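Single chain ahead, written as structure tokens, the form predicted on its own.
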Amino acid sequence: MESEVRGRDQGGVAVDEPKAGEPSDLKNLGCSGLADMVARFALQPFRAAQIGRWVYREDASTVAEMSNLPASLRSRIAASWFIGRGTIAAATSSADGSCKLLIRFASGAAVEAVHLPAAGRTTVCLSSQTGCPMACAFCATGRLGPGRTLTIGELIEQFMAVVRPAPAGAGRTRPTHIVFMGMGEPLLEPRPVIETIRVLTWEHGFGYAARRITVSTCGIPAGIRALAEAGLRVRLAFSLNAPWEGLRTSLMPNAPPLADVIPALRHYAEATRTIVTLEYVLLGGVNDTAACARALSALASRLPSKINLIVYNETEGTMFRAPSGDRIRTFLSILLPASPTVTMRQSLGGDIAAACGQLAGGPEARVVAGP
């Protein structure tokens, strides 16, 4: 499912040498691409770190700003590459302090990202695709239909647009944690997400610890294994939502079978020595029964895992509702004695349709949701 390191990334933008006469976004190169470019130019390896600092840490808008590079090298880079920028097309603030941002890229594609401040931590939720082909019944993004995977440059620019000072960016506080839980399935085409994580954790990029980054997936076995083999050791969250196949298929019709996903999750946990989070959206009268709780507990015991319960964030146009407080308490009472760690997610941004499962790109984004 992954493309070759040299060639075109999964989002369709060249990550190696641009075609003649077609400048490419320098952010699309990522760490390995910068190293390849420097090698092709027969330069010393430290030049890749220099360029990386300018593109990511210093947020240069043009190659000309890279003042510690020789003028001849700047000219050579500028002949084939530019530094892409997105724009904040819309920003909506919540009463709880979170902010939903519609970010439009130079390509015309747009996605929503969410800045989520909370006590002791600040999280940014990033999108990986302009739509989603998984068609989960309870998810607003799923109703958009398939879009396309963002390029490495677009993924990185999405993050940078959130923290970049206004007026060019949102001017939001640098997050302590990053989650790929927005629009799209991050591991359907894993290479752009993997290369973006390399930049986020690179000392010359943004310097994040891997444990502060989480990738959420509905369970793409090949993508999970690719993430494990990348050696990044980020947190993995599996969007489970039903503990047996028939119910899960009715809610998530395009998600791979649990029989294929569970071995991949076990491989990830063993390869990275981490615990997998089982995300479970509680849907009133659907998957919040005592039988579901017992089956969820049994499934969790088969993996190095913890359970994260998410009360459904009601979304316009769906039949689903959040369960009552009594049903939630009953579900928990069954889970807690027999399960590994169980947590309840505090959803933020529900009043601005920015909570889990509510992102849909806004009216403008729907226009460009396709390839």
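Because the structure is predicted, anything quoted here is derived from the model rather than measured. Residue positions are given as counts along the sequence shown, with the first one as 1.
A second form of this protein, the form predicted together with a small molecule, is not displayed here; the remarks below concern that form.
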Worksheet item: Would Pro186 show up as a contact with the small molecule in the predicted complex if we use heavy atoms at 4.5 Å?
Response: yes
Worksheet item: Even though the small molecule is not shown here, does Thr330 get within 4.5 Å of it in the predicted complex, heavy atoms only?
Response: no
Worksheet item: Hey, in the predicted complex, is Gln50 touching the small molecule, heavy atoms inside 4.5 Å?
Response: no
Worksheet item: If you check in the predicted complex, is Thr196 within 4.5 Å of the small molecule, heavy atoms only?
Response: no
Worksheet item: Since the chain is shown here on its own, which stretch among 56-64, 305-313, 40-48, 322-330 would lie within 4.5 Å of the small molecule in the predicted complex, judged by heavy atoms?
Response: 305-313
Worksheet, complete the sentence: In this chain shown alone, the residue from Ala110, Ala293, Cys139, Ala113 with a heavy atom within 4.5 Å of the small molecule in the predicted complex is Cys139
Worksheet entry | in the predicted complex, the residue from Ser216, Gln158, Ser98, Thr149 that sits within 4.5 Å of the small molecule by heavy atoms | Ser216
